[in-house]
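Here's a solo chain for you in structure tokens, the form predicted on its own.
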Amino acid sequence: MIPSHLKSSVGDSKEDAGFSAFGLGLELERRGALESLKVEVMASAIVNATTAVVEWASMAFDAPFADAVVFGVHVDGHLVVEVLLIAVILFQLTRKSYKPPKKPLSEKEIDDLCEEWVPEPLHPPITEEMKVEPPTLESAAGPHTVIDGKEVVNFASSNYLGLIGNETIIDSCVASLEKYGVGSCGPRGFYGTIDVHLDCEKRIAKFMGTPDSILYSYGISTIFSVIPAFCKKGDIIVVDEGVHWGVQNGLYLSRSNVVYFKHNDMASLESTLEKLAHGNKQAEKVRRYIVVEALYQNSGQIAPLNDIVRLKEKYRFRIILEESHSFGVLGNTGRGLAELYGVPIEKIDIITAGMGNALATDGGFCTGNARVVDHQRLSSSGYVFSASLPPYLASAAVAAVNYLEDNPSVLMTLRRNIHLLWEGLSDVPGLMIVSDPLSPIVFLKLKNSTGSLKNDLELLNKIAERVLKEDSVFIVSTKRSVLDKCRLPVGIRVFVSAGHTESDIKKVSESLRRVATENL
């Protein structure tokens, strides 16, 4: 038990503890009130200071803008300050967040990161099927050539007029080499123009019946330099879906709005032009072009120029005509598609062609009126930035055009050979001819596709390889790279030359029929 004299002490202690706790609570409340008061005083001071600054700034801007009125609104100092504050707020909201600098990496960390880093590959993985070694020619690519030490009949080269090995052309090249050397070592606009270039341009323009022409150093670069020289971003280009890669590249470089129509389908072309032109005010303000090949490399078909010109005039478009495979081949004298259809040459705005086919040389040209040609001399990348055509190739082109003009019978020989090949290949099992009867590219496609582009190509390549290996006849199937966006079916292309004999044509016909029967 607790003694009575101690009970009083214990009670007093409890009361003292209670008073102490109460006093501590009061002290904390007092300190909290003081802190709150300090915060309020500081906030009030900041607000007052801000207000004073705003008032001062407003007064400072009031005088210059005292009589300023913008769109019926009086501009005073307050408005100016508010606009400035809004600008500062927007700046702060849109600026990148602050990132403290990282600690510099040590030499060991840098070495470890370098060892772990794996660069992105420069190309996709190379599969076994990509590792294909094409046949290598060991002699001139004439009607007969040598592959792997064996003479074969060549139906894989576009030597349409049989001018490879022509003595007159060789003599002109030798004379040019002795006079000018091999290369020009400079673009046309920078000391690379030689008199034979000017002679060649005049000769082509005279042959085609146009005011002027311009030479390019490389055949395929002609079309993909000409298109972006005239077609810019926002322009409209209507193009056949079967054009070859050179045209496709020109379309890409132009950055124009490209619209495709069905291959050689004039109803599709007219429908496309109608949609683009009817009630489209924006289309009336930009340049508009129709781009077609005269003789399509990917099908062997011939464009109906008379219908295209009619639609061009109806809907007010311009025509860019690619004649690499028709120049020197179509028409009574080899002047191309315009001569074949009897269309006046001036109705075609721009004509381009490579000279590596019928003329058996290299380079290309564009022909048309003087304004079309002059524009390219300053605006066409393939002309301005490339070293000019080697002089001996220009001499060869002049000699080839002269030969064609002096020997028109070579065209009759070519057409006879095409007719003979058509007769020989008309009933090949599993294959059908889809090219035009006048085309020197006899194009055969599968009657029944496998449903896969890859499988179709494998089957066609197998046929071409067996024909070469077993019968010494050189033919080729369609080649499609990942860059080529052509939408037409693949097939076998047989290039007919005026230099082929009847026995050559009979041999390729019999070989293709036998191999196709065994594989299709």
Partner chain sequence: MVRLPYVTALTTLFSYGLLFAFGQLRDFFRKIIDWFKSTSKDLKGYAPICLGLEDFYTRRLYLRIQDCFSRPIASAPDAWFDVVERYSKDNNKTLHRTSKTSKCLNLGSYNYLGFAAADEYCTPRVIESLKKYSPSTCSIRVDGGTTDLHTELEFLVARFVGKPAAITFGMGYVTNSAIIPVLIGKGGLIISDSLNHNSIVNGARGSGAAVRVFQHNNAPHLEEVLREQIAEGQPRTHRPWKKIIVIVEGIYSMEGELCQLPEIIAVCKKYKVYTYLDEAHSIGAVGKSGKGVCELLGVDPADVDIMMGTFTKSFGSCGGYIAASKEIVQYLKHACPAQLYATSMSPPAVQQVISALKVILGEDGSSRGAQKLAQIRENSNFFRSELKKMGFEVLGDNDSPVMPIMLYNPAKIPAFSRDCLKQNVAVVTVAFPATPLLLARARICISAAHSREDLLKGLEVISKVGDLVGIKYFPAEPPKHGHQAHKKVD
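Residue numbers count along the first chain shown, from 1. Being a predicted model, the structure only gives us computed values, none of them experimental.
There is another form of the same protein, the form predicted in complex with its partner chain; it is not shown, and what comes next is about it.
In short, of 375-383, 264-272, 429-437, 205-213 it is 375-383 that has heavy atoms within 4.5 Å of its partner chain in the predicted complex. Checking 371, 103, 95, 278 against its partner chain in the predicted complex, a heavy atom within 4.5 Å turns up for just one residue: 371. Among the residues 367, 417, 256, 357, the one placing a heavy atom within 4.5 Å of its partner chain in the predicted complex is 357. Not one of 144, 443 and 520 places a heavy atom within 4.5 Å of its partner chain in the predicted complex. At the 4.5 Å threshold, heavy atoms of residue 487 stay clear of its partner chain in the predicted complex, well away from it. By the criterion of a heavy atom within 4.5 Å, residue 318 is counted among the residues contacting its partner chain in the predicted complex. When contacts are judged by a 4.5 Å heavy atom cut-off, residue 476 counts as touching its partner chain in the predicted complex. Though the partner is left out of this view, residue 447 does not reach within 4.5 Å of its partner chain in the predicted complex, counting heavy atoms only. Along 122-142, these residues reach a heavy atom to within 4.5 Å of its partner chain in the predicted complex: 122, 123, 124, 126, 129, 130, 131, 133, 134, 135, 136, 137, 138, 139, 140, 141.
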